[in-house]
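One chain is shown next in structure tokens, namely the form predicted on its own.
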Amino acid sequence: MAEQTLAPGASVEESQPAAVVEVKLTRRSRIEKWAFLIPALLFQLSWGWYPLIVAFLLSMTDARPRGPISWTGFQSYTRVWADPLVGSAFRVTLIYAALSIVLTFLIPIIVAILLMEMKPRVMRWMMVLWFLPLSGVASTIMWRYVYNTDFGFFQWIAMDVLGLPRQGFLTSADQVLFWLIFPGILMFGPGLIYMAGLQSIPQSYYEAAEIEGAGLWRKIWTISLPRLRPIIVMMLTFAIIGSLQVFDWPKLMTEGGPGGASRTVVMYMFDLLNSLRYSDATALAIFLFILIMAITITYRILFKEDPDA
């Protein structure tokens, strides 16, 4: 067979048949994909699914810090299911999550859209005021003072300005969840992400809508919100997961009080761990995981990311 000669300036790949080159490129592409996927899969298995499996096995034992561990089956799940404080903690968590999403998730979207309608100079000042970063410790101290029932700023507004009777704020079982969420309305700042998404929408969409006679709200409903749908879906997923796992803010502000009115599931889980009830705490964590997965999967099925869907 005669040897194939290369044309001047041609590479080896160019001289090979197209089918051979395509096979090599496909194989190289597959190797590159797995080179990126394998570290992510190993990380997910090591820090995600492996701890979950270990936690499930641990909940089936009488886990203790010292001594032998024996298999107990579903006894810890039975104890947790029958514990009235668990039901109360789940009720508080679900109410907190619902209020948090309604009050602190929808408002940043609306504010971000309205900021985009302002003049650039006004918009910049509003962004500085709204997204001013504050230390978590400093904000906790500040809000503790604001909610103080004797000399707090809100108490002064309620009694001296509005003429209302003395308010309980964080010491009232009926009000505590709302006032725990209220700072998020003023200081929670995912609006920067929404504004970045709004800036990526072509201006031609709005110009075409204005030519057709669309007003502000019509443009928001038909252009801004649909184009923001992928970001909204992602942020809402994080908001659902985060609000159902809330711990630090209620712990710092109320310690679960008054009378357990602000004790979330994770806070009660922490109490079980402090009482050395490791298997019960792990069983409670499994229950919370199942709830979060069920809500998240249902939400992802019902709400589509595609803005053109």
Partner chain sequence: MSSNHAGMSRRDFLKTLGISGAGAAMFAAGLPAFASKESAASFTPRAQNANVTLQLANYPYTVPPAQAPEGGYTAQQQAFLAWMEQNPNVRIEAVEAPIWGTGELRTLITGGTAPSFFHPGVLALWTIEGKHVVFNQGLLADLSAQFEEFGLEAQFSDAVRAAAVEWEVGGARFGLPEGVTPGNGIFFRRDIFEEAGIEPLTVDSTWDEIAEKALALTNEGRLGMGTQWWGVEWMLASEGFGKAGLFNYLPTPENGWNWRFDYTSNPEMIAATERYRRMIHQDRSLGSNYGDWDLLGQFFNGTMAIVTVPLQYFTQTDDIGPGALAAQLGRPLDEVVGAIPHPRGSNGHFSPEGRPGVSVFSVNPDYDEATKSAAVSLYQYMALGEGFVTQRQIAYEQTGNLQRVFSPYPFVGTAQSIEGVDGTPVDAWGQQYIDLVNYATTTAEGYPMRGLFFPPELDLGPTESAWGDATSLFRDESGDLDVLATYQTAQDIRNTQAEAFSSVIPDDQFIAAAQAYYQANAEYWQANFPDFYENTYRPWFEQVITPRLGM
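Numbering follows the first chain given and starts at 1. Since this is a predicted model, take the numbers as computed values, not measurements.
The form predicted together with its partner chain exists for this protein as well; it is not shown, and the discussion that follows is about that form.
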property	result
Its partner chain contact at Ile157 in the predicted bound form, heavy atom, 4.5 Å	no
Touches its partner chain in the predicted bound form: Arg166 (any heavy atom, 4.5 Å)	yes
Ala173: touches its partner chain in the predicted bound form, heavy atom cutoff 4.5 angstroms	yes
Partner proximity in the predicted bound form: Arg27 to its partner chain, non-hydrogen atom cutoff 4.5 Å	no
Neighbours of its partner chain in the predicted bound form among 252 to 285 [non-hydrogen atom within 4.5 angstroms]	Gly257, Pro258, Gly259, Gly260, Arg263, Tyr268, Asp271, Leu272, Leu273, Asn274, Ser275, Leu276, Arg277, Tyr278
